[in-house]
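Okay, here we've got a single chain as structure tokens, the form predicted alone, with questions on binding and movement later.
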């Protein structure tokens, strides 16, 4: 991995900086082409984060009835679509592409050998974003003759304008080319490093993209073969159950496309920020292999209430989903052990006393750690979602967005924001400005998400529906029985939480903008050195690096899980409305 020879501490501020001075922005100076692409990716990602976050606050205030003056209830669904697409597709894809570019180049110690290829995938994803965003915006602006009020779950029978689907397809294909870029870099490195173990960060990037290639086959077929021709009027109808199944084939593993980059940060950077080292490189590799094998054959658990899929296949999906708890539990053990090691290196002691010796005033550390804590809570609510019987209690209620605001909206989003405080100086050669605001920002996000998600989970147990602009509340004549507390209290928490999240987002964007636009510094606040793990890759079997073996097993698992139910659905006709209704 790339290293900086030494570090020093500012005697006045106590801040650590890289030395010697000529290496103060080592990544920017060593890999200028890669640094440029990463900056472009982050710029678009944070733009999408700002707009999507604003849409989120509008939703929170509208559906709770606190303030409904921003949009009409019919336009609410355009805002909901924009919130979902901009945050969970555009923000994440651009940030991950930038993060992975940084991870591969610095761990393989090479600048981008094919910068034109990088510009190609960046331009393709950007064009897709513009097209899809234009269609969504058309739902709010009469001058644009397009609309896409199909929410984030883009399957029939709801139909969007063709440019929305074309844009979505370009985003997916662009991400495929980005992944190809990483594999080509690995091939170049392997030609000169025969017999060497794959550097850990590159290993994580490659396994993530193997999972991504496998998982996106479903939505690629859905969008290109069915939805684009359907929206253009080339075919009159499609099988709703088939398109739903293709979407959810992608719709659950995409969560791990967001989470695995967060895991990369937690495993390789968070231990360093705590002052320690990763506990076990081999365990990290096992976790990523397990995600590659288990992430994809799980999507049918989103379709427990769908007719047309036999219960036995739903049971198989539930079992596979429960197995996914294993890599998450392994991660909890490894990451906590690693940061405890760092705290004890800093003088911490006792059963829990070492927690006081962690750098809680460092926003990169506190943001990643709080995100991991929230993810643990999200994992428990995810077990409810995955259970066949208890899923029926919370299906299509506000519990579900409460869950994924913990997993994606905090585990991924807060980790990505936090680690930007550490990455941006290395990408720009500029120190983080307004550091006090940056130090507070992760805590504001944590409090806002705690309030909002807690209330969403409880409202879901009370049966309050999701995906609606005007859920029925007591003032409108229909009441829900609160499990703990009242519905009015829940919706007030959701509104306050949504506002706090927007305030936190504005704080983050302000710090990033002022840093980005500020002058370059002689000294930066961070250094890019990644210390070696306590247990290195040499302590693990080489079979873990056999990517061909793991992707082959992953494909077999998908065929066993999805083959029979998909064959049954296809038998009803893929360009037909599905089976005829059964008299009851």
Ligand code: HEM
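Residue numbers count along the first chain shown, from 1. The structure presented is a predicted model; accordingly, all values stated were derived computationally and were not measured.
In what follows, reference is made to the form predicted together with the ligand, a form of this protein that is not presented.
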- Query: Heavy atoms within 4.5 Å of the ligand in the model of the complex: which stretch among 234-242, 81-89, 302-310, 178-186?
  - Reply: 81-89
- If we test each of 129, 216, 502, 334 for a heavy atom within 4.5 Å of the ligand in the model of the complex, the one that passes is 502
- The one residue among 460, 167, 425, 409 placing a heavy atom within 4.5 Å of the ligand in the model of the complex is 409
- Non-hydrogen atom within 4.5 Å of the ligand in the model of the complex for each of 57, 76 and 151: yes
- the ligand contact in the model of the complex: residue 371, any heavy atom under 4.5 Å: no
- With the cut-off set at 4.5 Å between non-hydrogen atoms, does residue 136 touch the ligand in the model of the complex? no
- Message: in the model of the complex, is there a heavy atom of the ligand that lies within 4.5 Å of any heavy atom of residue 498, even though the partner is absent here?
- Response: yes
- Going by a heavy atom distance of 4.5 Å, is residue 405 a contact of the ligand in the model of the complex? yes
- Query: Are there residues in 271-309 with a heavy atom within 4.5 Å of the ligand in the model of the complex, and which are they, in order?
  - Reply: none
